[in-house]
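Here you get one chain, nothing else, as C-alpha cells; it is the form predicted on its own.
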C-alpha cells in the first residue's frame, strides 16, 4: 500500500483553478518532493492531504484513509509543518513542545529518539519564546513539534523558505535521518536545487503536474542542445543571444548563461558570431541540464 494516493484532484477558488487533475502516489518510507514556484498549487494540495481543505473533485488517501471521510484518523497519524511559522510565539521552546505532545497524548521523553538530533541544537534556547528565535531555529522547533507524536507521514510545506543556506543544508540532513526511521516525507519547495535531494519529484506549475520521476531521470530526459556561455559583457551577451535565430531559450544561471538551441549549431560557430558582435573573453561549454532547465522547458 502506498502512503499517499492522489486521484484526479481538482480545487478552485472562484475563477482561479488552484490544482487541476492531480494524480500521483508516494511510496511508504519515500522522500518525495513537490517542486514549483509560488502560486503553483503546492500549498493547496498540502491542505487537501492534511484534511484542511475538501477537493472539488477526485479523492486522496493517506495511509489508506480517505482525506474527507477519515479526516479525524488522518490528523492523528500525520505531522504537518506549514510554510508560515504557526507555533505559539509567546510560549517558550519547551512549552510549545510540551503542548503539542500533550495534544497527541504523548510525552517528549517517549519520542525523544525522533527529535534528539534536532533538539540538541534547540536546548540552549529552551526557555526562549518561540517568536524570538531565528528563522533557522523556528524551523527546527516546528519540525520537532510535527514529529513529537511519531507520525506515519510528514508533510513539510516549503520548510526552508526564508532561512539561510547553512540551515537549509542542515534541514535536509535531518530529513535523511528521519527517513531512516521509516517515516514517509512529502516536502514542497520552490528551490530547484533541493529537488536532487529527494528520491522522486513532481514538477508542478499553475496547478498541473508537468513531470514525475527521479531527479536523475528528469535531467536525463533533456535532449536539446545546451551550452553554458559567458563573456566580458554579461547583459549584452544575454540580449544578443536572444536575438539569434538559433536560440530557443537563454537564461542566467550563476556566472553563465544557459543557452538552449533549436539546431545543431556548434560552439565554435556561436563563438564566431559573438566575436563579430564585439564580445571578448568568450567561454562556451556543453552544459549538463539541471532540474531548472527541464522545468523551464516544460513550461
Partner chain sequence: MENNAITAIGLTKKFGDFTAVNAITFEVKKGEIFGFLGANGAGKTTAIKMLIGLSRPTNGQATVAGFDVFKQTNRIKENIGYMSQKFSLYEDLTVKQNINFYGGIYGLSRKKIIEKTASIIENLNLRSYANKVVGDLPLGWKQRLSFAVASVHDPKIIFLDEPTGGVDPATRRQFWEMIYEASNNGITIFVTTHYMDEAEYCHRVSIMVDGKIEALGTPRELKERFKVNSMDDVFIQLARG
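Since this is a predicted model, take the numbers as computed values, not measurements. Numbering follows the first chain given and starts at 1.
The same protein also exists as the form predicted together with the partner chain; that form is not shown, yet it is the one meant from here on.
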All of 34, 50 and 152 with a heavy atom within 4.5 Å of the partner chain in the predicted complex: no
Indicate whether the partner chain has at least one heavy atom within 4.5 Å of a heavy atom of residue 168 in the predicted complex. yes
Look up in the predicted complex whether residue 242 has a non-hydrogen atom within 4.5 angstroms of the partner chain, and give yes or no. yes
Distance check, residue 57 to the partner chain in the predicted complex, heavy atom within 4.5 Å: no
Given that the partner chain is not shown alongside this chain, does residue 292 nevertheless sit within 4.5 Å of it in the predicted complex, heavy atom to heavy atom? yes
Based on heavy atom distances of 4.5 Å or less, which listed stretch (225 to 233, 68 to 76, 103 to 111, 180 to 188) is in contact with the partner chain in the predicted complex? 225 to 233
Just give me the single entry in 272, 248, 38, 264 that has a non-hydrogen atom within 4.5 angstroms of the partner chain in the predicted complex. 38
Can you name the residues of 171 to 199 that have a heavy atom within 4.5 Å of the partner chain in the predicted complex? 173, 190, 191, 192, 193
